[in-house]
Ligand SMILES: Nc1ncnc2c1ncn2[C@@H]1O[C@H](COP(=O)(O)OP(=O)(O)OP(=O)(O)O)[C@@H](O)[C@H]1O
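Encoded as structure tokens, the following chain is the form predicted on its own, with no partner shown.
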């Protein structure tokens, strides 16, 4: 592929396994997605589907019981998985920033807010203490923390949930990363603060032009923020495409069910749709399509074949046989 046309973030056939007494559990399986510079990708799916594990793998922060068992992750053509830990430490926090799901457990409780913002500035950018302090104040002001200078001496437990999340954002963007990963950045916040956080992220992304992967189960966040969507179910990407097509022309039955479950502002009395059944456990995955037991379109072939992502047109791809009348397409046609 021409280097100019190559995606900025290129995740190919990513598989992640966890060690357990019952053996290796495949939590993410052959998942692929790409992101160009300046694009925002929404990675969506139900809780436990592997979204956060995927995010941690991009930062090489998987727990000790987990490992990448297959696939590649490339950033600007650089293979992140083959790098030494020392080399990757120069990228983590510098070229890639991350907003974690819960700031109270992600921020260091025994270090001040100022120290935690200043540390990456001094490590990655070589700023002096005075320069880092000035920059930290600017960052807090940029993420709209009131009385920014006085907050530098505060500890995380002295701040509200919304302010802690703003501090996390300030740390994540402190070195002006090319890629920002936001893992459920609004989960622990009330509705009003959630909207403020998304507005802030949209503003920061537009002003900096950074690429963003936002992990969420909130389709409203996707509609407000993302250009592209990747839908995950039981550790596999089942649909990808532009955000407009995601809402207007969903292809995979799981994506269709997600969209159908959304409330309709123009018809508030409409009964919301539900998805029958439950998500299968990692040790009890069905042999064919993972969604087949819950799918209203299933056919016998769906229970035996696990489909890959296939191009279905309009820059969309879906891991489903339905668009092909249950025939397996020839990738060489």
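Values in this document were obtained by computation on a predicted structure and should not be read as measured data. Residue numbers count along the first chain shown, from 1.
The next section is about a form of this same protein that is not shown, the form predicted in complex with the ligand.
> Under a 4.5 angstroms heavy atom criterion, identify the one residue in 287, 296, 300, 48 near the ligand in the predicted complex.
Exactly one residue meets the criterion: 48.
> For the interface check, one of 50-58, 300-308, 287-295, 34-42 should have non-hydrogen atoms within 4.5 Å of the ligand in the predicted complex; which one?
Stretch with heavy atoms near the partner: 50-58.
> Thinking of 18, 63 and 184 as the candidate spot, does the ligand come within 4.5 Å of a heavy atom on all of them in the predicted complex?
Yes.
> Just to confirm, residue 217 within 4.5 Å of the ligand in the predicted complex by heavy atoms?
It does: once the ligand is placed as it appears in the predicted complex, residue 217 has a heavy atom within 4.5 Å of it.
> Taking the ligand as it sits in the predicted complex, is residue 205 in contact with it (heavy atom to heavy atom, 4.5 Å or less)?
Judged by the heavy-atom cut-off of 4.5 Å, residue 205 is well away from the ligand in the predicted complex.
> Should residue 256 be counted as a contact of the ligand in the predicted complex, where contact means heavy atoms within 4.5 Å?
Taking the distances in the predicted complex, the answer for residue 256 is no, it never comes within 4.5 Å of the ligand.
> Decide whether residue 194 counts as a contact residue for the ligand in the predicted complex under a heavy atom distance cut-off of 4.5 Å.
Contact check for residue 194: no, nothing within 4.5 Å of the ligand in the predicted complex.
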